[in-house]
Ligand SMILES: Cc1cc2nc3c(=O)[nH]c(=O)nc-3n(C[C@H](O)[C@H](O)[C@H](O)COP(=O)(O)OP(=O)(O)OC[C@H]3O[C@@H](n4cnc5c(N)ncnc54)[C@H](O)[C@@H]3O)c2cc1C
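Encoded as structure tokens, the following chain is the form predicted on its own, with no partner shown.
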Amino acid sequence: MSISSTEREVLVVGAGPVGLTAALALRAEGLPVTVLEAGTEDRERPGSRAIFYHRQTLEFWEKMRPGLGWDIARAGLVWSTKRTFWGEHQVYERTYPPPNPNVLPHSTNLGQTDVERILLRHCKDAGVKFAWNQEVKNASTDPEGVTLATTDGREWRAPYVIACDGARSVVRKCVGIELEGPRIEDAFVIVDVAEDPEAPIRPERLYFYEHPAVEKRNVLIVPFRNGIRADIQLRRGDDPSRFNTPEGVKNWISRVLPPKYADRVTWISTYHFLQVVANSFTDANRRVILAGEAAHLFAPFGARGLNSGVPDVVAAARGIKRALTANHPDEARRVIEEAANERREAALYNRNASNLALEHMRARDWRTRLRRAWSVKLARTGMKAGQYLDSAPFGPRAAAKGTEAIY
């Protein structure tokens, strides 16, 4: 069975947050769009996954669909304070002023499932079409467009496709694009716990270097709406089963959070993070554009995954609109290539920043260890060195080009 789209209709593969955002970005450009999703509309996916959204991301959402950025901001939790500790000693604290009700907050924290629910509602209101149970098994391109084959025997045809089908992207593999970069050997255990609505913890982000209660392992605690994310960095040689089994999690969670949370665990994951970027964000015929985890995978520190996936699809939608109105095929190819190259450059920047953050956390280099040690000593005297200790695990400002962030 063959299904052809209109001359201007674009296909998006994947109905995760990046795919849903791609659909909205295309609609904002005035283009018809259909989203192909392998799962059902009511699929349940475990865990909070992405939870932190920068103001820039909220602004992108608000611009493409007025009210969307505010819907997500208001649904999420805005933490007021961030604190960093070295062992038992606090080395940095920053408290933000109360949010201005007329300006989007600096960030908001909300589980990805809740974000997807809001995005899906806006997509339906914007006239996005969905085809559920459409698992793509093959993709091919030619100078005129893209053909997608799904496991139920259907064939879809469109002039352009935005591939948002995740880390194992079938579209990326089928069009011959490779991911390049290392796998980090250190393991991290990431846990969600349900918040106690009767007595919630303070809305603070906490980072502990060498937490004394867990044999000096690093711990990150981030609250989000109705939950708390706790990450523990394992040492080389650690047996993950000490930390990622239900009993192992209870043991360390009860030491870094109030003991009641040991019985409120909802999700456990163990990660060896990839630091990879696609060697191209578009195919040879310039008809597919990769976005989100189909194009890049980073360690989550600094929240550079979904927060870079959103501008990926904004650039892709803008490029596709220009390509569809181009006067010549060569011009259409050029604008797609420009959009893809723009986002690949941003991905390389973000990987570099993420690599520096991981190096700071792992402290394998003697220079990193020395700088951390001196920063601790200076921070205890009230100097600003504590700001370095606070920011370094989340993407140092010196990562590249002297700019604070490129998402």
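None of these values were measured; they are calculated from a predicted model. When you see a residue number, it is the position in the sequence shown, counting from 1.
Another form exists, predicted together with the named molecule; not displayed. Remarks below refer to it.
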Checklist line | Contact assignment for the named molecule in the predicted bound form, among R372, R65, R344, R49, heavy atom within 4.5 Å | finding: R49
Next item on the list: Heavy atom within 4.5 Å of the named molecule in the predicted bound form: which of V376, A38, M361, L31 fits that? Just give me the one.
Entry: A38
Check: Residues in which of 204 to 212, 278 to 286, 291 to 299, 68 to 76 have heavy atoms within 4.5 Å of the named molecule in the predicted bound form?
Finding: 291 to 299
Note to self: With a cut-off of 4.5 Å between heavy atoms, is R45 one of the residues that contacts the named molecule in the predicted bound form?
What the structure shows: yes
Checklist line | Touches the named molecule in the predicted bound form: Q112 (any heavy atom, 4.5 Å) | finding: yes
Margin query: Can you tell me whether I162 touches the named molecule? I mean in the predicted bound form, with a 4.5 angstroms heavy atom cut-off.
Written below: no
Margin query: Taking the named molecule as it sits in the predicted bound form, is G305 near enough to touch it, meaning that at least one heavy atom pair lies within 4.5 angstroms?
Written below: yes
Next item on the list: Determine the residues of 15 to 36 with a heavy atom within 4.5 Å of the named molecule in the predicted bound form and present them in sequence order; the list may be empty.
Entry: A15, G16, P17, V18, G19, L36
